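Only one chain is given next, in structure tokens, and it is the form predicted on its own.
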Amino acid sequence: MEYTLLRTGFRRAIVACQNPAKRRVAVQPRRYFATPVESQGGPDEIRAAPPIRFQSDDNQFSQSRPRAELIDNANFSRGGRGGGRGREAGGAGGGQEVDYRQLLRRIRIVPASPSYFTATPRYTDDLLHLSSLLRAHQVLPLLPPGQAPRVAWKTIDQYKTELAEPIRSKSYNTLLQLLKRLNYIHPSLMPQEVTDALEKYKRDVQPHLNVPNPIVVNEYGVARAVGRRKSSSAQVYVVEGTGECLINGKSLTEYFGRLHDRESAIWALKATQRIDKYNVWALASGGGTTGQAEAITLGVARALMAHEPDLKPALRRAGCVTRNPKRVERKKPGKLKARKMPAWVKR
């Protein structure tokens, strides 16, 4: 065993002496190691750099030059044709050459918004602005729940079109929560900056502000109202009387052949027990008998509330106040009616 080890060691020594390329350096030169300890050596010794002492001067590392300076167009164009160099007055003795192209390469354009490098910078700016307003005014008194002013905010499609950014529904819901929270601040203590911020996100047309014109009783004691159902419309005139009812110049029994349509036309009077106290004149058009009868019902109810506003709860319970928006569904191609399919035939 010892003989084998000796033989192998001698062979490696001989090969290393014959081929200098395969020699292994046992100790690396010291100049290849960077040490922070200052040592007494030759010029090849690597020494630690002196510590950096930071100053309050913004131009500390600018090599005695400002970060940006105004360049004369004439000098820049002249310098551009002559290699990009110009002259800068350095004193009474002469001038100092300035390489404007190198100076322009050193200028760093700083974005105006800190959210510039995000995917949605304008949305992020809006979110940060609303969050800062909420932090600044979160101690102001709020309105009771459910009593905040009704506001129609912009839809997500309108907001995305305005910003031209891909906004997700979750992100927009976060923005709406901040808007609703700011909207709950008491109106008497609402800051002006919050009011201006909320106006940016409101729709141009607020449907809650569209109040219909009130129905009044004229000097002749007549209240006029309009009722609609499906494609039918009816102008109804209600005045105190003995219970007469004329529709397009005909009596109720002559105009409507079905008993159900007759009851529907005067259902508002029957539900409030006012059949023999008011006279009704109606001008109905469009649709069929069912649509015209229910249109007259809505018109009579609205005109009756002009005479007696206290009857509104009773009329609402009777279902005479709310406009019925249901319409006949249109026929689709390939079907017999709106949804009816033709009979399936195997062969």
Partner chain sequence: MSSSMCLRCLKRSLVPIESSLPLTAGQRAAFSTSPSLAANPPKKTAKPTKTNARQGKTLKLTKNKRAATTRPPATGERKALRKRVVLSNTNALDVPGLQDLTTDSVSGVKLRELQDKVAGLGNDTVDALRALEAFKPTQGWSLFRRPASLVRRETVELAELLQAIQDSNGHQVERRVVFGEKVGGKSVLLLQAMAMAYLKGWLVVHYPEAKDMTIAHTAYQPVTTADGKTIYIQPQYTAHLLGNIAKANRGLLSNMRLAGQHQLPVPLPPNCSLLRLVELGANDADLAWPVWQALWTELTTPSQPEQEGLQRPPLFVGMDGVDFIMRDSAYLDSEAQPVHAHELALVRDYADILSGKTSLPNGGLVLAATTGSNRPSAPTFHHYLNRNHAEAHLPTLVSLRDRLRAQAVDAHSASDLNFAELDSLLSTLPPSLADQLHTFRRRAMASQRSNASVAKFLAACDTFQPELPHWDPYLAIDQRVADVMGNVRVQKLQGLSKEEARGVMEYYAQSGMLRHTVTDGLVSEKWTLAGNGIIGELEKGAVRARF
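Because the structure is a prediction, the values reported are computed rather than measured. Residue numbers count along the first chain shown, from 1.
Below: the form predicted in complex with its partner chain, not depicted.
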## Note on the structure
In this chain shown alone, the residue from E162, E199, D276, E193 with a heavy atom within 4.5 Å of its partner chain in the model of the complex is D276
## Note on the structure
With the partner omitted here, the residue among I266, L182, I247, L175 that in the model of the complex has a heavy atom within 4.5 Å of its partner chain is I266
### Query
Out of the stretches listed (199-207, 230-238, 266-274, 153-161), which one is close to its partner chain in the model of the complex, meaning heavy atoms within 4.5 Å?
266-274
### Query
Would L252 count as a contact of its partner chain in the model of the complex, using a 4.5 angstroms cut-off between non-hydrogen atoms?
yes
### Message
I'd like to check something about T242: if you look in the model of the complex, is any of its heavy atoms closer than or equal to 4.5 Å to a heavy atom of its partner chain?
### Response
yes
